[in-house]
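Single chain ahead, by itself, as structure tokens, in the form predicted on its own.
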């Protein structure tokens, strides 16, 4: 595959001031790793559907399973992943455990993603 001239520079000049500025502002490697791991969580359609549902209202595993037409076991597994990523939280009411989005940041990430993919 041929690269167009737009894809790369034809010079070898390094703009050290630019590189150094960006390098000094770049987060630590561990932080970037954690960010990449967070974005991986959004890479599963079932998890995105669960987040969409929980953006609407808190729900229990049974309700989410019925909504998505998947097993409770599958929902529980995905909720565990979402909880480990601190995207959802739960509360117990008697024998029922209700899940909801962890905080407003989750809603913001989700909404920004939607805005981005709907851009022309």
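Here, rigid core means the biggest group of C-alpha atoms that superpose within 1.5 Å across both forms. Residue numbers count along the first chain shown, from 1. Nothing here was measured: the structure is a model prediction, and the numbers come from that model.
Missing here is the form predicted together with a further copy of the same chain; even so, the following discussion is about that form.
Enquirer: Quick one: is residue 81 in contact with a further copy of the same chain in the predicted bound form, heavy atoms, 4.5 Å cut-off?
Expert: No, residue 81 is distant from the partner.
Enquirer: So, in the predicted bound form, is residue 76 in contact with a further copy of the same chain at a 4.5 angstroms heavy atom limit?
Expert: Outside the cut-off, so no.
Enquirer: Residue-level question: is residue 93 within 4.5 Å of a further copy of the same chain in the predicted bound form, judged on heavy atoms?
Expert: So residue 93 does not count as contacting a further copy of the same chain.
Enquirer: Please determine whether residue 89 contacts a further copy of the same chain in the predicted bound form, using a 4.5 Å cut-off between heavy atoms.
Expert: No, residue 89 stays farther than 4.5 Å from a further copy of the same chain in the predicted bound form.
Enquirer: Does anything in 29-50 come within 4.5 Å of a further copy of the same chain in the predicted bound form by heavy atoms, and if so which residues, in order?
Expert: Contacting residues: 29, 31, 32, 33, 34, 35, 36, 38, 39, 40, 42, 43, 44, 45, 48, 49.
Enquirer: Is there a C-alpha shift of 2 Å or more at residue 101 between the shown form and the other one once the rigid core is superposed?
Expert: No, because once the rigid core is superposed, the C-alpha of residue 101 moves less than 2 Å between the shown form and the other one.
Enquirer: If we fit on the core, is the Cα of residue 36 displaced 2 Å or more between the shown form and the other one?
Expert: The answer is no; the displacement is under 2 Å.
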